[in-house]
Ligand SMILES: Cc1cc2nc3c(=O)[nH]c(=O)nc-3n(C[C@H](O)[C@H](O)[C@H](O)COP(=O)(O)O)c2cc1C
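Just one chain is shown here, as structure tokens, and it is the form predicted alone.
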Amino acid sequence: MMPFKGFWGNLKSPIIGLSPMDGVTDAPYRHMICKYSKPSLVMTEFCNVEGLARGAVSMLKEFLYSEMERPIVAQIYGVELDSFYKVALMCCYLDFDGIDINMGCPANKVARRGSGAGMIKMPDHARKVIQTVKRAAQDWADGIDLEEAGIRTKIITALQKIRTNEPKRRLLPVSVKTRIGYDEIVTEKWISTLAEEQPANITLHGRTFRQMYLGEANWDEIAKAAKICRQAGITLLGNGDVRSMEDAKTKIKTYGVDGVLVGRSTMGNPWFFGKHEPTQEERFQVAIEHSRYFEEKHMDHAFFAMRKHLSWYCRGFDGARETRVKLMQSNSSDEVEAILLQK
């Protein structure tokens, strides 16, 4: 029996997508990426299932997206099976193209609860999580109502405001993003365990939890995982230290993976997935556009959350440091425009 692939089975090869990054890949960031170059897929920032299942309506902002971002995958994390089930149904209701389970986040506050990378130490529970999310996806396709699933009324009301048209009843593929180990490398054993649950895709970051983002990603271990997944009919994407499109294609060919997800190299570079090399003037104009879109979509957020993005646009030119210092004190897109265009 082969895994249900959904959109994963229709992606053109090689797959080069945008990696989810907490605090970075919000809706404005993804919008800019998809407008100026088109990745194979994008993923949301990860969303905690326990908080959302208990009624934290504000967390639904993590699931805002535009049609131009498709295919788009909702990424979720947590521990409780019932919460995974409910939030997976919410993702189906919001008509994402897939659901990805984060089993790789290295943040201590996440991993010590057993979620994120902490799931690597609980393989039996990890399998139950995949089973639960897949069951929710199937139940949605079969017609279950959100009320019937025990989802809180205020969450349902908020979901209806986000999605005003009739939701589609379709089966969504379930995937996993993880690491090569926790304290030590356990790639083959861990990936074999996940493969038994037949996710549509596994994305593997080439570092352990202990490494965080230090050192070089171990692509030899990613290659071992690719062989296991190939035999199981599961696509395997590598992740870690992909610095350019050329580097992505080289790693795909060298290590036998189906594709890669790219994270940090896209910061301040929404042109990453295309061939256009922007001028500094273009970078400034897009930074301003990004700021305005951020204000439009994040009216309830303080502008300081935009500042880190602005700093990434400012590099590689004379006066970059001074400009960056000014941008770190900006409080609106108008101020950003004044600084960058020196009005």
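Numbering starts at 1 and runs along the sequence shown. As the structure is a computational prediction, the values presented were derived from the model and not from experiment.
Just so it is clear, the following notes concern the form predicted together with the named molecule, a form of the same protein that is not shown.
Q: Pick from 147-155, 262-270, 162-170, 220-228: which stretch has a heavy atom within 4.5 Å of the named molecule in the model of the complex?
A: Looking at the other structure, the answer is 262-270.
Q: Check Leu327 for me: does it contact the named molecule in the model of the complex (non-hydrogen atoms, 4.5 angstroms)?
A: The answer is no: Leu327 has no heavy atom within 4.5 Å of the named molecule.
Q: Using heavy atoms and a 4.5 Å limit, would one call Ile15 a contact residue for the named molecule in the model of the complex?
A: So Ile15 does not count as contacting the named molecule.
Q: Residue-level question: is Gly78 within 4.5 Å of the named molecule in the model of the complex, judged on heavy atoms?
A: Taking the distances in the model of the complex, the answer for Gly78 is no, it never comes within 4.5 Å of the named molecule.
Q: Is Leu11 close enough to the named molecule in the model of the complex to count, meaning some heavy atom within 4.5 Å?
A: No, Leu11 sits far enough from the named molecule in the model of the complex that none of its heavy atoms falls within 4.5 Å.
Q: To verify the annotation, which of these, Phe63, Phe294, Tyr313, Phe46, has a non-hydrogen atom within 4.5 Å of the named molecule in the model of the complex?
A: Looking at the other structure, the residue within range turns out to be Phe46.
Q: So which of Asp97, Asp241, Glu197, Asp258 gets a non-hydrogen atom within 4.5 Å of the named molecule in the model of the complex?
A: Exactly one listed residue reaches within 4.5 Å, namely Asp241.
Q: Output the sequence-ordered list of residues from 177-193 with at least one heavy atom within 4.5 Å of the named molecule in the model of the complex.
A: Only a single residue, Lys177, comes within 4.5 Å of the partner.
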